[in-house]
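Quick setup: one chain, the form predicted on its own, written in structure tokens, and binding and motion questions come after.
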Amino acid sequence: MKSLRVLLIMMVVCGLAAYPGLAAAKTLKIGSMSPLTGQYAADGNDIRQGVETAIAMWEKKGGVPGYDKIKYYPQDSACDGKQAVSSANKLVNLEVAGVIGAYCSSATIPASDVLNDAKIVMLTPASTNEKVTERGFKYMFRVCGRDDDQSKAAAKFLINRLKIKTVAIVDDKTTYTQGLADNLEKALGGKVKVVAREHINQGDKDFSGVLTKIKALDPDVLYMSLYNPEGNLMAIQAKRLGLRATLMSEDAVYHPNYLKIAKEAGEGTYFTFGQPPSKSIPEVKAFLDAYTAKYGEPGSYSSYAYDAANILLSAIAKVGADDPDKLAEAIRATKMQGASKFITFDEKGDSGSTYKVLVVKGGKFVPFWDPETGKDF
């Protein structure tokens, strides 16, 4: 018996010597923040599911070297600054290595104050307000585009392609929607007359007062700088009220739910959104196959969340998670074909914008106009 015990001990010692990572193996903790409940839960759960898809694919190929498993902590930030700060503090206390999130810029900006102070890297897949990466935060990264770029793409389209004379703009007074509306008005540069700047509240369902006022002004375009639930309903009510204006909106209303809810009222609506890469690219196909098999059709920012999680896990695989400075440097050095686009980061932590104009045609989003070339697709 004594000989057998000695043999077992020697086997363990030899095993640890041969595989040093086994001795140091520990659980890798990562978190996310997005609205998992409430009116923006569809987008928030798209983000959660994108992260889960990335983790499942890493685990399928053996996990992250040096870690026995990946523990994922999705938090409900609810598009609310206070709740986002609370979620960020919870993730700090959980000692996560990095955070994917949040969705709304009004949640991402205050949450990033907490995470940056704690030296925890944060990669937002969906917050487009330029202030997210304009504060010089070392640990803040953005996988999606920026609103100062999105607004320029929209302005070019309205001026050069639609050649309109007047526009009415509606926002919901949040950081993202109001910031984008301000940027659009600035980018129009007086070449299109803004006949109305109206505001609604998040969660509103009846827009008859605002739309009646806009109808009387008869703008060529009604630009909806809103989130998805309000945008869906406003499109329906605008058509029902008989507005002549062409509808245009942005990335936060661009979602499969717009097609399902607005239906015929949404036909002909123009959107700005990042150009999706070809489905024939292996990395894109791998994401679509894995995601749709478990969750069905991806939402607007599912692929961006998937890419953000892959960037974080790839960086941890290279440099570990113990040194936040090395981890941030590894993320900043990313050169990766993702499911959303080819991703690199600049000195601010931005990955660039690829905004194109799409139109709803036949119940589908169809690429329509390229701001870079000034030509139709």
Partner chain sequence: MDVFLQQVVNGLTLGSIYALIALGYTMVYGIIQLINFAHGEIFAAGGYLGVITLSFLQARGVLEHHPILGLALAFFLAMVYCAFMAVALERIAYRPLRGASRLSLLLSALGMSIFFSNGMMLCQGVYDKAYPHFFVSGGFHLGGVVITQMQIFIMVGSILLMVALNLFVNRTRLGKAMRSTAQDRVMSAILGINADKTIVTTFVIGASLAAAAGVMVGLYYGSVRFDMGFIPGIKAFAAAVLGGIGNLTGAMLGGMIIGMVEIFAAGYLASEYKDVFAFVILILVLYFRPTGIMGMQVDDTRV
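These numbers come from a predicted model, not from an experiment. Numbering follows the first chain given and starts at 1.
There is also a form predicted in complex with the partner chain; it is not shown, and the following applies to it.
Put simply, residue 334 is far from the partner chain in the model of the complex: not one heavy atom of it is within 4.5 Å. When contacts are judged by a 4.5 Å heavy atom cut-off, residue 146 does not count as touching the partner chain in the model of the complex. Under a 4.5 angstroms non-hydrogen atom cutoff, the partner chain in the model of the complex lacks residue 160 among its neighbouring residues. For residue 263, a non-hydrogen atom is located within 4.5 Å of the partner chain in the model of the complex, even though that partner is not displayed. Only one of 30-38, 337-345, 50-58, 321-329 places residue heavy atoms within 4.5 angstroms of the partner chain in the model of the complex, namely 30-38.
The listed set 138, 173, 285, 131 contains one residue whose heavy atoms approach the partner chain in the model of the complex to within 4.5 Å, identified as 173.
Site annotation in the model of the complex: the residue of 294, 244, 205, 279 reaching within 4.5 Å of the partner chain with a heavy atom is 205.
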